[in-house]
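Below, in structure tokens: the form predicted alone, a single chain.
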């Protein structure tokens, strides 16, 4: 019995070694770098204590990137989760060929983010050759600059983020919907419950674990995977209106070579993600 116990530890040992080599050690080393000033090439590093963290909150560029990240992530997660949930219920509720529809919705999730950025750049072209301007032109509306307008650029990115996320969220929600016993809906129907009452009293409570998973994964996705889309479509502009923490981190770390400062930004992003996850868990549990 004791021998079998050690064999179990031996079997999972490679996974722990890989976890330590490619996640834990780089994470700890990155945390160490937040207390140093280093350009990434010099053999020596200067210890500066908490200076990198203090510089963060004195930098208008960082504050702007933080604000943009919160607006983008908040808008994308709320819209993507709500639309995905509604579409999942509609599609799963007796529509013919829903497997095909589910596959069509899932396609954007497997498309490269760079390709997504290129396609949507064409959709949002600021002249009449852009698809969206051509559509609104049919209704007599003036062409908009979309990605080149500071007031419209963030909204345009949110549309791309929501479109990209809906398919994946729908697959998870539909799996959750299929796990709800049909007998609950039949009992509610016998008691005279409407479809809306069945949705709010049965579907939503039974989907809490699924909803939590979708919200956490959507938040992490919107915080970290936005880099490619921003880099291809706006580059953080115009006038910093779409600069996100991940793009700001890249510019500071790999264009200005302030590795310690960039590491401090990464840790703020890490803590932010953890806090949002805890808040979402509390919110779902209370609901």
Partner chain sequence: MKKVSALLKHSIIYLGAVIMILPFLWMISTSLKPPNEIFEVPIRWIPSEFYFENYVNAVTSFPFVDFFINSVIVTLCIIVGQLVTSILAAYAFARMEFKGKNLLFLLLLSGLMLPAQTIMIPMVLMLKELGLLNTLQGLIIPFSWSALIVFLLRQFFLKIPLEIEEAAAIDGCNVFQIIGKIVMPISKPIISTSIILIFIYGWNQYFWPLLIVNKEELYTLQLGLAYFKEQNVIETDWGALMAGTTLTMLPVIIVFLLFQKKVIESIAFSGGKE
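The shown structure was predicted, so the numbers you read here are calculated from the model rather than taken from an experiment. Positions refer to the first chain, counted from 1. C-alpha atoms forming the largest set that superposes within 1.5 Å between two forms make up the rigid core.
From this point on, the text means the form predicted together with the partner chain, which you will not see here.
- Annotation: in the model of the complex, residues 57, 65 and 78 none come within 4.5 Å of the partner chain through any heavy atom.
- In the model of the complex, residue 146 stays away from the partner chain, with no heavy atom inside 4.5 Å.
- Taking the partner from the other structure, the partner chain in the model of the complex has no heavy atom within 4.5 Å of any heavy atom of residue 196.
- The closest non-hydrogen atom of residue 49 lies beyond 4.5 Å of the partner chain in the model of the complex.
- The closest heavy atom approach of residue 70 to the partner chain in the model of the complex falls outside 4.5 Å.
- This chain appears without its partner; in the model of the complex, the one residue of 103, 181, 192, 205 with a heavy atom within 4.5 Å of the partner chain is 103.
- Contact with the partner chain, judged by heavy atoms within 4.5 Å in the model of the complex, is confined among 70 to 78, 197 to 205, 114 to 122, 150 to 158 to 114 to 122.
- Contact residues in stretch 239 to 256 (any heavy atom within 4.5 Å of the partner chain, taken in the model of the complex) are 246, 249, 250, 253, 254.
- Comparing the forms between the shown form and the other one, the C-alpha position of residue 238 differs by less than 2 angstroms, with the core used for superposition.
- Once the rigid core is overlaid between the shown form and the other one, residue 42 counts among the residues whose Cα shifts by 2 Å or more.
- A movement of the C-alpha atom of residue 138 reaching 2 angstroms or beyond is seen between the shown form and the other one when the two forms are aligned on their rigid core.
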